[in-house]
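Here you get one chain, nothing else, as structure tokens; it is the form predicted on its own.
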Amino acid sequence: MTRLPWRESFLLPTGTYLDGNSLGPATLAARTAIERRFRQWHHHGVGAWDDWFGLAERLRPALARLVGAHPDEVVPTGGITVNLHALLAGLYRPDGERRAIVALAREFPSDLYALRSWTERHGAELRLVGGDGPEPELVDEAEIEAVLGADVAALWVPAVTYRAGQRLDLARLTRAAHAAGAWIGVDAAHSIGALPHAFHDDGVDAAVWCSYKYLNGGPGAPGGLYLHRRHHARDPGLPGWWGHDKGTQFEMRPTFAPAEGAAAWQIGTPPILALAGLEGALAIFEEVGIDAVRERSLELTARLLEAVTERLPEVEAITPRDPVRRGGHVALRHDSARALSQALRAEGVIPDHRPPDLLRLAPVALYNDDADVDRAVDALRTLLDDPGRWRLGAAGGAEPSVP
């Protein structure tokens, strides 16, 4: 099998697009949904809120299926860092000596900014696991478990690391965090839409994600928030009008009455046109099913890893070859990764670069195929055989990239 039948559902950029782990391409369904919501705005003005009012809540079942949760445990809202701050405001309550937060040194920087702001506010430690140099890229769960002492209040980890594309064992880490008396939160930005999750059954306490990568919701699409049912009796730490109970929201009461479950943790009015992009994009996952996406994704990343081993000995693949441990993208190490990334774009292959020395390639199951993988490897082989074509540009201008 070389292609899933949904490629035609996408409006793909020119060239071979392998950067869907940064920004997913537009979908026909997203365009249709945005146009529909725009027409409602055009024709009905404020009256369109009769339909828009519960739009975020209506998307919960589709999101719940993607992360392995109950619908009342998820809600599309805010941005990933805003959602992380909201969760920390409600869940991070340092008590006595139990104050530290554990995270990866190579976690996505915005997460670390948020986590550090809360530990500094409470005079606590943000305890980072792993080095901050080029080695090692891969995470050892045992190293995380080793620092989960009696002083730890929370553990924050990615489901898939954004640099190496390594999938972490969330069930194991959840057991370890709970055994240590801490709660666990997950950044699913680089995993949602690429692989199945089991947040509820694994016992994960909370999670956040963005919707513009594998979900293809579009730039500015609202992110998402998950909160396990065990925390639903807890009031949000940053209550806002949109998290109020929908049945009485327009009574404008001065006292906050939380909505059901994770919906209570919404803060501001959702951007309807941006939410519509996610609305359309989720329809594809409802049709395909995340298990089929994962199966094909593993085939494509395996093909890419095998080709790198056979044809690109100058390049080191740092993404795990074990399919259980692999996310949706492949990270390749080369000293001139930035220059090679720019040169590949000039050749019509769109990769991603992460300093200092990583190329990230994401053959996405919904719209990439075997030919795309082969084309990328062919182009990289050609460039490595003729370094004069790209070394002169190694110090050139910045390349466009999205986290």
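Start at 1 with the first residue shown and count on from there. This one's a predicted model, so the numbers in the text were calculated from it and none came from an experiment.
Absent from the display: the form predicted together with a small molecule. The rest refers to it.
J.: If the cut-off is 4.5 angstroms on heavy atoms, which of these, Trp183, Tyr162, Phe199, Phe285, is the one near the small molecule in the predicted bound form?
T.: Looking at the other structure, the residue within range turns out to be Tyr162.
J.: Would you kindly say which of Val102, Leu300, Leu115, Ile80 lies with a heavy atom within 4.5 Å of the small molecule in the predicted bound form?
T.: Only one listed residue qualifies here, and that residue is Ile80.
J.: Tell me, please, which stretch of 186 to 194, 165 to 173, 272 to 280, 237 to 245 lies within 4.5 angstroms of the small molecule in the predicted bound form when heavy atoms are compared?
T.: That would be 186 to 194.
J.: Although the partner isn't part of this model, could you tell me whether Glu73 comes within 4.5 Å of the small molecule in the predicted bound form, counting any heavy atom of the residue?
T.: Because no heavy atom of Glu73 falls inside 4.5 Å of the small molecule in the predicted bound form, the answer is no.
J.: Hey, in the predicted bound form, does Gln249 get a heavy atom within 4.5 angstroms of the small molecule?
T.: Outside the cut-off, so no.
J.: Is His329 close enough to the small molecule in the predicted bound form to count, meaning some heavy atom within 4.5 Å?
T.: It does not: once the small molecule is placed as it appears in the predicted bound form, His329 has no heavy atom within 4.5 Å of it.
J.: With a 4.5 Å heavy atom cut-off, would you call Thr309 a contact of the small molecule in the predicted bound form?
T.: Although the small molecule is absent here, Thr309 would stay clear of it in the predicted bound form, with no heavy atoms inside 4.5 Å.
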